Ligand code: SAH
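Before any questions on how it binds or moves, here is one chain, the form predicted on its own, in structure tokens.
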């Protein structure tokens, strides 16, 4: 199959998140795009396949959430230079794969419960020769109770499709005290803030900020919600697999 080139969008990168990919990183983005389009022939990885859409909704979107951390010497949000990151429910690798390409000094773990997605990601990591990305097959509720992962991450990311409280229960047990959780969201309402803050009082976090804006091409709604981990999460969280979704905090 003939695969088109992704747009460079260097001016948009710079004007929206104050960052630009190097030529090498741009090539990795293209390789990721090609790998996903080929993988799409075997399984449903993403419906977003047009070059400009892929750039905006997968690449730009992934990096927009960590925009405050992309500056080399930024002390923002208490994240160390050699940060350990987990992307919860990564699917075909978003936001984790673009972040691994853009921040080679960070260690990125990509968590998903679907074996086919993990097999795809392992292949993609190998093809792109990413030394800083690894995969975890499992559910967030189970992994969050494992001592190897619990409260071991400087940063936990989730593209938040469920209730904010559910997403927080998935990610906060994985974050170190002083670390950060980031929820990537489309629409956000005041009731979402209330829902999240109620859950955070139980999970050991507090709402730090909500960055609202538009995507740069299609002008869609985008919110990034930043949660600071303030105290250790109580041992009963996360609850058993399926419970956070069925009985939200």
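Here the structure is a predicted model, which is why all the values come from computation and not from measurement. Positions refer to the first chain, counted from 1.
There is another form of the same protein, the form predicted in complex with the ligand; it is not shown, and what comes next is about it.
Using a 4.5 angstroms threshold between heavy atoms, residue 104 stays clear of the ligand in the predicted bound form.
Heavy atoms of residue 89 reach within 4.5 Å of the ligand in the predicted bound form, making it an interface residue. In the predicted bound form, residue 113 approaches the ligand with a heavy atom inside 4.5 Å. Among residues of the shown chain, residue 152 is not one whose heavy atoms approach the ligand to within 4.5 Å in the predicted bound form. Proximity to the ligand in the predicted bound form, taken as a non-hydrogen atom within 4.5 angstroms, holds for one residue of 85, 140, 99, 167, which is 140. With the partner omitted here, the stretch from 126-134, 172-180, 144-152, 113-121 that lies within 4.5 Å of the ligand by heavy atoms in the predicted bound form is 113-121. Contact annotation for 142-168: residues with any non-hydrogen atom within 4.5 angstroms of the ligand in the predicted bound form are 159, 160, 161, listed in sequence order.
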